[in-house]
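In structure tokens, one chain follows: the form predicted alone.
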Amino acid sequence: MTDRYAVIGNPISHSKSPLIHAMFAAQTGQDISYEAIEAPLDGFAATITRLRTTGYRGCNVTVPFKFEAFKLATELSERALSAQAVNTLLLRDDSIVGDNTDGLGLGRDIQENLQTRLDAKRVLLLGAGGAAYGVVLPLLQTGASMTVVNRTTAKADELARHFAAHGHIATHSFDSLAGQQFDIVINATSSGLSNELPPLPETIFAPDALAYDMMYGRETPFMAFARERGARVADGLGMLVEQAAEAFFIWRGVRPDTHAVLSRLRTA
């Protein structure tokens, strides 16, 4: 009998997750179906209840429901607890297991697909919102030297305190970045959605730096700014594929070949 999975969000029609998981299933011989479901903004919990009662085995969760998924889960992984948000649910008869695969996906994309080591690198994370919380723990675990900058410095300080048990995080305002350089700059803000550029100094990128934007599908002002200043540039499509592969592994116990899937998506 085909096992059923879904991605839940609002809006959700743009999601590439059904295509990605269809490719994973075909590649690994797993008998699953996977669909995109748009839940009402006030109906996430009811949607999960419906999926459980109709036999769904798991789901991915995207904007704006990751925090609700965290609260709804009856069991949480360390990654989910650190992120305070959930993007993957394993639905069992007696429990809802919540995990967060975003940070692992980011780390794998940078280190494996982009062939860029993170250990001992100077990493600057732009933003202190939900997207940033989702990736901090896996980045710290690589041995990277972490700095977080946010328009509201108090939020960056709050993030640093939240992860203090896992490692030191320096915090700054954008104004206090002058004169500093970083090996990897990760944009975890929503600036690309409004076609805005975070207020970065011209000299923020160290020689051979990597500029990584979590958004995918188009060149953002951050990516253009970095490219013009000699940095290597990447979007978040690889992160999307890698976090999906980790979710697939959680559900099925099989790890798909992400390189083949990412290559097909890039070509398409």
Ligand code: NDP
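Just so you know, these numbers come straight off a predicted model, no measurement behind them. Don't overthink the numbering: it's just position in the shown sequence, from 1.
We do not show the form predicted in complex with this ligand, though everything after this point is about it.
> Just to be sure I understand the contacts: of 191, 116, 180, 141, which is the one whose heavy atoms reach within 4.5 angstroms of this ligand in the predicted complex?
Looking at the other structure, the residue within range turns out to be 191.
> So which of 74, 176, 111, 152 reaches within 4.5 angstroms of this ligand in the predicted complex, heavy atom to heavy atom?
When this ligand is considered in the predicted complex, the option within 4.5 Å is 152.
> For the three residues 63, 130 and 239, which mark the spot I'm curious about, does each lie within 4.5 Å of this ligand in the predicted complex through at least one heavy atom?
Judged in the predicted complex, 63, 130 and 239 all sit within 4.5 Å of this ligand.
> I'd like to know whether residue 214 contacts this ligand in the predicted complex, with contact meaning heavy atoms within 4.5 angstroms.
Residue 214: contacts this ligand in the predicted complex.
> Closest heavy atom of residue 196 to this ligand in the predicted complex, within 4.5 Å or not?
Judged by the heavy-atom cut-off of 4.5 Å, residue 196 is in contact with this ligand in the predicted complex.
> Quick one: which of 90-98, 122-130, 165-173, 75-83 gets within 4.5 Å of this ligand in the predicted complex, going by heavy atoms?
Every other range fails; the passing one is 122-130.
> Can you tell me which residues in 74-111 come within 4.5 angstroms of this ligand in the predicted complex, by heavy atoms?
Stretch hits: a single one, 102.
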